[in-house]
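Heads up, the chain below is alone and in the form predicted alone; it's given as structure tokens.
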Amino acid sequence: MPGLYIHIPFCIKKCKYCAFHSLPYNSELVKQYIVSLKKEAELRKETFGKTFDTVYIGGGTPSVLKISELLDILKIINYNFNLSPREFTIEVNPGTVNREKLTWYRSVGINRLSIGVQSLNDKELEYLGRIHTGKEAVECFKDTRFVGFKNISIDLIYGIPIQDKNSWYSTLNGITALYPEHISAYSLSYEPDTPLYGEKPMKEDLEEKLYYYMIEYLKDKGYEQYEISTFAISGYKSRHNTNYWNGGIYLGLGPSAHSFDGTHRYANPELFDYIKGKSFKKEKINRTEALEEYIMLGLRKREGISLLEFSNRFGNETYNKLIKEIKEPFLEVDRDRVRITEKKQFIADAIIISIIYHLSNEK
């Protein structure tokens, strides 16, 4: 089933590593954003007249919005689209929610939270430019449980230069003691036009050790790794993100949001152009691009990709090229599925780029 994404481009303060489109919260800008969102929703409902199985409100920091502002957004999407969400997620950050706001989230049908914790170490949080402390993150989680949320995801970051195995263990230990249903853990990236860009990263061998330590630690705590950076207890895999990884249809509303209708990809402009009414960019996905995306997304999943489906979609010649790649030590086959071996997950991006290159090369 298709997924609906709404991008909220506002934060209290932009984190030092963040490359996503966001601006400091401004009530007047929020009003203009909501007016533009309404116009976009009315336009897009004509081409995306589908029932959405999942809804995801991301950012930015959606929880920075006032209840009245978020209510206006929910009215817009409920009026314009058929919503039947088994999973309705909103991203929240510690320091931007309280029990009253969390209780209201539940009352309007939101049934899943994604909390941006990143670390429980205060020095690491300060390095990242977060607005909360480790203690405040734990209290935020406890508040979500207090008001009745039973499906909570935690975001973490590893590879922070001042991080070591002891502090990473402390964060993992503290988080798993809370027993969230879902954990996403990402390597710290240094994107252009961010304050961290150009700083010296953690040594790669140490970062690799932290990554594999995390996999084993979370496995021991009952979490299944189902994607390169993602773990869940039984029954709590993210339906919304899985739709992305499976190449499913999704509609993205809001500035800088992306959509995919199965044939075309759409990219919205950033906030000020969005408010001015500038239209999205539309691009038809050709065979090569479809192949690249299928490999890139599919091999991130621990279940990998189906050889039969691959053959049916891309033909025997491309299939035979993939079979040759399987002979390399970084891929393994389990019945009909091929995936990156567990020991090579840390360099998955490099492996995927190499495979895409060989499959796209017609010579």
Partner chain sequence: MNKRNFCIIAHIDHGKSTLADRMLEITGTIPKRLMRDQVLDAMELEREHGITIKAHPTRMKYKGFIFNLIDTPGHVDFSYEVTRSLVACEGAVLIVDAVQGVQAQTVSNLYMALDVGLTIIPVINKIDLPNAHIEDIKEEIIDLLNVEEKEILLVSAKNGWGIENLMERIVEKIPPPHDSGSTLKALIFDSYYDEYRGAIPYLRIMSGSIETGINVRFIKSGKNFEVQEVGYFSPKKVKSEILQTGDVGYIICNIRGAKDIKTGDTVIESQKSKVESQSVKPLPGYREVTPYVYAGIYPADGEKYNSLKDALEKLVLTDSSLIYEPETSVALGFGFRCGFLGMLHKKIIEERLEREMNISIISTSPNIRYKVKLQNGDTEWVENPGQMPKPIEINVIEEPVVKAKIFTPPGYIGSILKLCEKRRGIQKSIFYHRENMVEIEYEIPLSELIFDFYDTLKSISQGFASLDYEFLEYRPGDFVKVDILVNSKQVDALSSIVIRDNAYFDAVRLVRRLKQVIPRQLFEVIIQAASNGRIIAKSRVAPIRKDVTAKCYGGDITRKRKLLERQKEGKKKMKRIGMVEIPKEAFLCVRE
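This one's a predicted model, so the numbers in the text were calculated from it and none came from an experiment. Positions refer to the first chain, counted from 1.
Form predicted in complex with the partner chain: not shown, discussed below.
**Student:** Among K278, K75, R265, R106, which has at least one heavy atom within 4.5 Å of the partner chain in the predicted complex?
**Tutor:** Flagged contact: R265.
**Student:** Of the options F330, F48, F310, F52, which one has a non-hydrogen atom that comes within 4.5 Å of the partner chain in the predicted complex?
**Tutor:** Looking at the other structure, the residue within range turns out to be F330.
**Student:** Is there a non-hydrogen atom of S229 within 4.5 angstroms of a non-hydrogen atom of the partner chain in the predicted complex?
**Tutor:** Flag for S229 set to yes.
**Student:** Given that the partner chain is not shown alongside this chain, does K38 nevertheless sit within 4.5 Å of it in the predicted complex, heavy atom to heavy atom?
**Tutor:** Although the partner chain is absent here, K38 would stay clear of it in the predicted complex, with no heavy atoms inside 4.5 Å.
**Student:** In the predicted complex, is there a heavy atom of the partner chain that lies within 4.5 Å of any heavy atom of R300, even though the partner is absent here?
**Tutor:** Yes, R300 sits close enough to the partner chain in the predicted complex that at least one of its heavy atoms falls within 4.5 Å.
**Student:** Looking at the partner-bound form in the predicted complex, is Y217 within 4.5 Å of the partner chain by any heavy atom?
**Tutor:** Because no heavy atom of Y217 falls inside 4.5 Å of the partner chain in the predicted complex, the answer is no.
**Student:** So if I measure heavy atom distances to the partner chain in the predicted complex, which of the stretches 143-151, 280-288, 96-104, 165-173 falls within 4.5 Å?
**Tutor:** Checking each option against the 4.5 Å cut-off leaves 280-288.
**Student:** Enumerate the residues of 291-305 that have a non-hydrogen atom within 4.5 Å of the partner chain in the predicted complex, in sequence order, or give none.
**Tutor:** Result: E292, E293, M296, L297, R300.
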